[in-house]
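Below sits a lone chain in structure tokens, taken as the form predicted alone.
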């Protein structure tokens, strides 16, 4: 029972790690508070679900999910760079618009991808693979490989000329603009890549849980931020490789913490409906811990 619980939490942690990589690009690399995530996550799920129901290969459906997420990020970047709308408001506007767009795509609030209805997903295909390893171990292993491949691709991209431009834009936009670099292009590319990863995570998670829902993106930005913040405290270092690794580790630890709180939280009065409350409390604790630790240290010294 405990092993099954840990493996299930790891599977969800790896899926959320893809989301965390996207959030890392906007919040840490580009220094752009992008709230599009709450809309692009269910967008990826909606696109994947509709395409699978219509008979498309589930792996191809994931590519279209990423493409849709990239377009959502492009819209947010356009609102900010071309129409001069502030980053927070641009993300909120796109997120609100995506709620209606997701309903339009699905045609209803949710879509079932149950294998009993004849829908084949990435998960059902993986379970059919005949290997000398049990499926409960094989699927987490595949998810781990997917996450690490995406991490390496992100690391390589951030070391390219375009990637370095995005990093420089996040560090000091005014200075890099004075050097003649088009920071608007850097934001367009950075936000597109970030939301493509977020939507990919949403599309894969929809196939994993067997349904897509228009409300599944609520609070995803907090989950992504929590993963990045937790990872930053656990994996020390300022290099890109360590920062992306931290985001992945943080996502896994975050999902394990949430899963344990939901599993054993009844002893403290928590219910499954308190998931968003638990997420908020976890993020508040993480963010306030350095301040509280410094305050306690000052009291001890005085």
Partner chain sequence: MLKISHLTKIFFKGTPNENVALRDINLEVASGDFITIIGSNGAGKTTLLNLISGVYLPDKGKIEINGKNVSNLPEHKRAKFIGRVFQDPLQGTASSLTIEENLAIASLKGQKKRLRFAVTRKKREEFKEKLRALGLGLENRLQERVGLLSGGQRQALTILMATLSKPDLLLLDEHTASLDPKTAQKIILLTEEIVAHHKLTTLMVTHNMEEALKFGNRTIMMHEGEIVLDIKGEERERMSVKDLLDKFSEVRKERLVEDKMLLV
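Here the structure is a predicted model, which is why all the values come from computation and not from measurement. Positions refer to the first chain, counted from 1.
The next section is about a form of this same protein that is not shown, the form predicted in complex with the partner chain.
In terms of contact with the partner chain in the model of the complex, the residue from 175, 141, 103, 83 that brings a heavy atom within 4.5 Å is 175. Residue 168 is the only one of 126, 168, 150, 216 with a heavy atom lying within 4.5 Å of the partner chain in the model of the complex. With the partner left out here, the partner chain still marks one of 194-202, 218-226, 181-189, 93-101 in the model of the complex; by a 4.5 Å heavy atom cut-off that stretch is 181-189. Proximity to the partner chain in the model of the complex holds for none of 131, 134 and 208, with the criterion being a heavy atom within 4.5 Å. Interface membership of residue 236, defined by any non-hydrogen atom within 4.5 Å of the partner chain in the model of the complex, is ruled out.
Heavy atoms of residue 89 never reach within 4.5 Å of the partner chain in the model of the complex, leaving it off the interface.
Of the heavy atoms in residue 78, none are within 4.5 Å of the partner chain in the model of the complex. Although the partner is absent here, residue 162 sits close enough that one of its heavy atoms falls within 4.5 Å of the partner chain in the model of the complex.
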